[in-house]
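In structure tokens, one chain follows: the form predicted alone.
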């Protein structure tokens, strides 16, 4: 099964990404130890030249890493027909013990990669590399996560056995199963609806306040992060049941299928983009104190906040449409 074209593509891409971030991490370690912009040494000049190349390569590599999250889910979903009992990606990911940890780790690394890309973009706007040490320190945190994800992903695909009988999404995401997925499915519908609407409103108001006054960046980032997790839980708790028009079907993967209009893809893409933009706006707050960034960062943050608010509103509007047009009524 490891010779499946999509699996080979994922493993090859992940290996290349891991090698590149490992190389970039080594360069970053050198920069953290030896960087001195006031120095005219040969080592300093070499580091200044190499950082352009490394940052450019990482920008492309990490952008593809973001896309690989959706490719991983698509591949897992495509493989479900090879396993007895699987109806979607939920069953494929449960075919061995590595499937879901890889998915969780991919979400974490994609968010971190997105925030790194934002910091790197802001750093490129400064004339004195103001964020070079923070961004490479952050990269050193990202390196073991990506390498760990690549390793687990290989173990997942290498360990897939077609003869394995796995669980369907109905049993995995059913209340009372004693797992994280079942706990999410068991979350009460009405309180979750209220929480989603309330936090969405707070986040949007925080975004409007920041766009008007430039204040409250940390508050918006915190609200945006909270909304990201609540929205993910809401997809399992109540949004999915309106899509399927079944009060007991809480699977977050079947909404990626054709019969449901592939509605899961825009929902997940909007959530990921909104979360990264919101967290990125908060990550740039300390840079406002840098002299070379004082006139640059606020403009970048306004774009990030506006993007985050727009994507969260898109998520909310699509959700409202799904609920309004669903035949499932309470």
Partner chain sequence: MALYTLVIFVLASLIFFVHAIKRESTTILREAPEMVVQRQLAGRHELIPIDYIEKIRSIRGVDKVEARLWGYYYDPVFGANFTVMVPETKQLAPGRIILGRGVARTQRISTGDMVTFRGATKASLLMTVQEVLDYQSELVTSDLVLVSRSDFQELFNLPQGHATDLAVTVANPDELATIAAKIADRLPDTRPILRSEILRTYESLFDWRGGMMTVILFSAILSFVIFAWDKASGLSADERREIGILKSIGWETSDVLLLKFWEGMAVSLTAFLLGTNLAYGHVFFFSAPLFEPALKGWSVLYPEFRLEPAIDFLQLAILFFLSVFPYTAATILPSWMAATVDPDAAMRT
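This is a predicted model, so every value here is computed, not measured. Positions refer to the first chain, counted from 1.
Below: the form predicted together with the partner chain, not depicted.
S.K.: Please tell me whether any heavy atom belonging to residue 16 falls inside 4.5 Å of a heavy atom of the partner chain, as the geometry stands in the model of the complex.
M.R.: Residue 16 belongs to the contact set for the partner chain.
S.K.: Give a yes or no for residue 49: in the model of the complex, does one of its heavy atoms lie within 4.5 Å of a heavy atom belonging to the partner chain?
M.R.: Although the partner chain is absent here, residue 49 would touch it in the model of the complex, with heavy atoms inside 4.5 Å.
S.K.: Residue-level question: is residue 3 within 4.5 Å of the partner chain in the model of the complex, judged on heavy atoms?
M.R.: Yes, residue 3 is a contact residue.
S.K.: Does residue 74 reach the partner chain in the model of the complex if we count a contact as any heavy atom within 4.5 Å?
M.R.: Yes, residue 74 sits close enough to the partner chain in the model of the complex that at least one of its heavy atoms falls within 4.5 Å.
S.K.: Note which of 154, 242, 83, 98 lies within 4.5 Å of the partner chain in the model of the complex, where distance is taken over heavy atoms; exactly one does.
M.R.: Only one option qualifies, and that one is 83.
S.K.: Choose one stretch from 75 to 83, 189 to 197, 212 to 220, 230 to 238: the one whose residues place a heavy atom within 4.5 angstroms of the partner chain in the model of the complex.
M.R.: Heavy atoms within 4.5 Å of the partner chain in the model of the complex occur in 75 to 83.
S.K.: Are all three residues 253, 319 and 321 in contact with the partner chain in the model of the complex, where contact means a non-hydrogen atom within 4.5 Å?
M.R.: So, no: the whole triplet misses the partner chain.
S.K.: Determine the residues of 49 to 69 with a heavy atom within 4.5 Å of the partner chain in the model of the complex and present them in sequence order; the list may be empty.
M.R.: Contacting residues: 49, 50, 52, 53, 56, 57, 60, 63, 64, 67, 68.
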